[in-house]
Structure formats: structure tokens, C-alpha cells
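Shown here is one chain on its own, the form predicted on its own, set out as C-alpha cells.
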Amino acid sequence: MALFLETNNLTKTFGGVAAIFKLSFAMGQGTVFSVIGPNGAGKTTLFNLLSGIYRPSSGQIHFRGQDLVGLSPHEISHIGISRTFQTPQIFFNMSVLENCLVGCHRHGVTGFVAAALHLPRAVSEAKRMREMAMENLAFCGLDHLADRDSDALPYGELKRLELARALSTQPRLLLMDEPAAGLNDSETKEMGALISRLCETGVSVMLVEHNMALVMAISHRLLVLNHGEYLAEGSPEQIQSNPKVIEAYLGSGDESDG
């Protein structure tokens, strides 16, 4: 299994306090790789480092052999890493389709003048982007709502809309932050099925999620953090039976990152 995301001694400090400390791990392509840990373990900080929101204090991040340290979130998106958030970041003044088209525009090559003049290449590109957006909406079960105002959607569909928009950037790696947060049991099962189907298409998923039933059902491997440090890594079965993990997390009652 090819390794395509690796960190080496990754560290991020805030005012002398290490949120992530000398973290080294490798994630294989085509997997659901979940990051768990007790409250304040550093899960969200790790996502912020991988997506370029934070710059590491020290250490390395490599994605498909490319060094990510120092790249902006926009540059990281361009090389194939996208992200969803615990609270959906939706443009409520846009339709469902228009929200999804926002992600597609990363792949646009025609300029403003060509678009304003409706030149053939701009018209062709706009058609291609619409088709891409509709395909991703269909994947997430939202194509029949394409023309609906996004602010009219229930919460569960907003979560799927954010996923569809992220997929429109054509990511190789998708960072998903609490995708089941706020969902009922039925919606959580649907989201889990979507994540598994997504992985089958070749998109790798790194998941931060407090719903342990969902995590254990869909993950290939798990990384456990504790106070920003590596605690354990393994299959769901290995993690569930690891005494250190049980003590630090599974038996602690903590369910979210600070």
C-alpha cells in the first residue's frame, strides 16, 4: 500500500504549549484513516496544519512526495487536499448548485474577459463545470435539489452539500471534521455509507469524528492522539483492545476536541 501522506516530528506550539508534539505517522492511499483522542488531544490542530491554516513550529508534512510546509490553504487545495468542517460552511445566498459550483471553479482556466464575452471556450467550460457539480450532487443524493435555495435545506442535507462542494475540487485526500455531528442515527448511517463509497472511488479520507460506532465501522486504520502526542495506531480491532487507548479515550467519556 503506497504511502502518500506522511508527517515527521510535526510540532505546533502556542505560547510555549505544544498542541502537537513530534508527531510522526503515515497514511496509505485509498483508505479511511481516522484520528481520535480525548478532549484537547490536538485533532483539530492537526487538521489545521495539514490544510495550511496553521504553519508548523517544526517538523515535516509530505503529500505525494511534496512538502506542504509553508504552502497556503489555496495552494494545498490545488495539489489535492480539501476539507469539510464540523459546522457546514455554506453560502446561504446561493442555490444548492451554485454552492457546488464554487468548488468547481478551482479547475477553471478561462479568464474574466472570455467569460464576460461568452466566448466558446468559456461556454464549454461553464457546461463542463455544471456537469461536474451535478455529478457530485447526485453522488451525495442532492441532484434533485439543485435549484433549491441552500438556506431551505435541513441540517443533514447541508452536511451532504458541503461534502458535494468539497468533492467538486476533485481532492485526492479529503479531511472530514465531525461529519456526523448533529445528525440523527439514520443520517449518520447515510453519511457513513457515503464516506465508504467515496473511498471506493479512490478518494482517501482522513476523519475526525466523536461517534465511535461510526469510526469503528468505516475506518481502515486509526491514529490515537493524547495531549498532542502519538499514543497508538492500528486497525479498529487493535485500537478497541489497546489498554492505553481505553484508559486515555474510549473509557474517559470525552467526545470532542477542544
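In this text, residue numbers run from 1 along the sequence as written. Keep in mind the model is a prediction, meaning the values are calculated, not measured.
There is another form of this protein, the form predicted in complex with a small molecule, and it is not shown here; the text below is about that form.
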- Query: Asn39, Gln29, Gln60, Ser57: which sits within 4.5 Å of the small molecule in the predicted complex by any heavy atom?
  - Reply: Asn39
- Message: I need the one stretch from 44 to 52, 216 to 224, 61 to 69, 187 to 195 whose residues put non-hydrogen atoms within 4.5 angstroms of the small molecule in the predicted complex.
- Response: 44 to 52
- Query: Taking 4.5 angstroms as the cut-off for heavy atoms, does Leu23 touch the small molecule in the predicted complex?
  - Reply: no
- Message: Given that the small molecule is not shown alongside this chain, does Ala19 nevertheless sit within 4.5 Å of it in the predicted complex, heavy atom to heavy atom?
- Response: yes
